[in-house]
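A single chain comes next, written as structure tokens; it is the form predicted on its own.
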């Protein structure tokens, strides 16, 4: 965040309700975890919160969020049944599903039986006694909460979370579904989902990080995910944000890549009144590969802000990124993608594309692809387009017998489906394709 920012003199309802009291942070778990919470809480209480005066936040106005007082999710109890979550259940993850309701682990909705040896899928609280050393080594090590206010906020509230450990040379046979459900209670609430994923050398897994709602209420989700890949490990990560259209969603993701590892991400954002997703990938080993696919489909007065950083620090790294935004009504989409190629990262091959579609005269899209190259033997490219539907394409479909509305919807669907079709879970593609069609029809 910008060094010129000053902390507010008076904390409004938003800050007062969210900022933790350092003296009340002692909770379940070992002393080192209590110390981590306290350290993060001190950062929360000392850091300025981002505003539009900050360069990295100038397109995202959190004025609405700052006017709302939130209760802790732990103070709100609402029974959720298997029937309630049925629309989100994936057959492929029948035995590899962790469910959290308002950020709190729900064992009666989860299913992790019959997993092969070498695959650990657990809530963080239950995993701590068995895996204390590895959790302590990795938790809060990838996300820089000392300089990121919302990451510090999440870290200060760690009580539980999703824990995935894939041991050396182990292949997880089914996609792992981490389902975070917000109930959308009458009282605005804040929840703090946390994910820690560690894929040891030579291991492989598919991961689905899914944020959904049962009701269209006002609430705040502050999520943090940390993913570490060992040498030659491969992780395919699908992240879905389909929150309430009245909700606020703030998320940080950090990924560390070892030598020869391969990370693929599919980031889809449909929901939330205001959402922000920061994703930072660091190539710590030679010949690591990364593929980033992104899609934001928003309308009305939604704001969807995506910031990504791909940091190449070692030779022979490869990264490919395609991010798409579709904005209708008075919606505002933001994409800022940075690629750093450090001095020692010779023979890096990096490509980035930002493609954006405006569906109304009031919609707005700000896109900023960036390259910063400090090595002299690399192959890097980036590009960005912002446009409306092509007249020629509309004419072609009309000439083949399609009316204007059907042609328009078909073109929008095709533009978005390119990203959705890359997801490696068939039932999830069907779910998202249906949502895609419904949202397109709803705003025509």
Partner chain sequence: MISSNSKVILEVRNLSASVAGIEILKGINLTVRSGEVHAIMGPNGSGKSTFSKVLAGHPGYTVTGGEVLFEGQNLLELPPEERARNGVFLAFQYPIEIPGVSNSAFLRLTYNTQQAHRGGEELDPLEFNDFIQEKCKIVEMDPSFLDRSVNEGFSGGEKKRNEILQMAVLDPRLAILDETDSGLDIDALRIVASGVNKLMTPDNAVIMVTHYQRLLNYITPDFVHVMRRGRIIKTGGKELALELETRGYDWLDDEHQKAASV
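Residue numbers count along the first chain shown, from 1. Quantities reported herein were computed from a predicted structural model and do not represent experimental measurements.
Omitted here: the form predicted together with its partner chain. The next part is about that form.
Although the partner isn't part of this model, could you tell me whether residue 393 comes within 4.5 Å of its partner chain in the predicted bound form, counting any heavy atom of the residue? Because a heavy atom of residue 393 falls inside 4.5 Å of its partner chain in the predicted bound form, the answer is yes.
Quick one: does residue 67 come within 4.5 Å of its partner chain in the predicted bound form, counting heavy atoms only? So residue 67 does not count as contacting its partner chain.
So in the predicted bound form, does residue 389 come within 4.5 Å of its partner chain, heavy atom to heavy atom? Residue-level check for residue 389: no, no contact with its partner chain.
Examine residue 35 and determine whether its closest non-hydrogen atom to its partner chain in the predicted bound form is within 4.5 angstroms. No, no contact at 4.5 Å.
Only one of these stretches, 52 to 60, 36 to 44, 378 to 386, 408 to 416, has heavy atoms within 4.5 Å of its partner chain in the predicted bound form; which one is it? One stretch meets the cut-off, namely 408 to 416.
Counting only non-hydrogen atoms and a 4.5 Å cut-off, give the residues of 393 to 407 close to its partner chain in the predicted bound form. Going through 393 to 407 in order - heavy atoms within 4.5 Å of its partner chain in the predicted bound form - the hits are 393, 395, 396, 397, 398, 399, 400, 401, 402, 403, 404, 406.
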